[in-house]
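Just one chain follows, in the form predicted on its own, and it is written as structure tokens.
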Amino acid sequence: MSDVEQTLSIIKPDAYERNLSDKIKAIFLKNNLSILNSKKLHISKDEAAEFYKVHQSKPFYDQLCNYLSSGPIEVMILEGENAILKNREIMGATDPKKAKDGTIRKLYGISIDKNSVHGSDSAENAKIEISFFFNK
């Protein structure tokens, strides 16, 4: 029995400004994740703070919010079998230096902060994150 899931993916400002959207989307499609919906937008620092509120106690929180709101992003709903785990495997480790070869962050990430993509880390967060961007 297959477990078809949906997850949120964000192409972050560093990847967006380097015109990597199509290359990143091709990696998702090649790995049997379909893109159900996508939109390009530029969120405010307040919106970024709301989106990342799960991290607000962490030392990198302000930097994260500043970064996500620093330029255009592309948000997508990905769907496929075990989409949440598959997307996290495709993205690679948060630190591009530690990411496996062939992962998005190894290919395109610049630093821990500018690591090109975001993906939901659980089914619960996927629902919250998808509704944050797509139910407005």
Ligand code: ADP
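Nothing here was measured: the structure is a model prediction, and the numbers come from that model. All residue numbers are counted from 1 along the displayed sequence.
The same protein has a further form, the form predicted together with the named molecule, not shown here; the description that follows concerns it.
Residues F60, L64 and D113 are all found to lie within 4.5 Å of the named molecule in the model of the complex, as judged by heavy atom distances.
The stretch in contact with the named molecule in the model of the complex, judged by heavy atoms within 4.5 Å, is 87-95, chosen from 39-47, 87-95, 71-79, 26-34. In the model of the complex, at least one heavy atom of H55 sits within 4.5 Å of a heavy atom of the named molecule.
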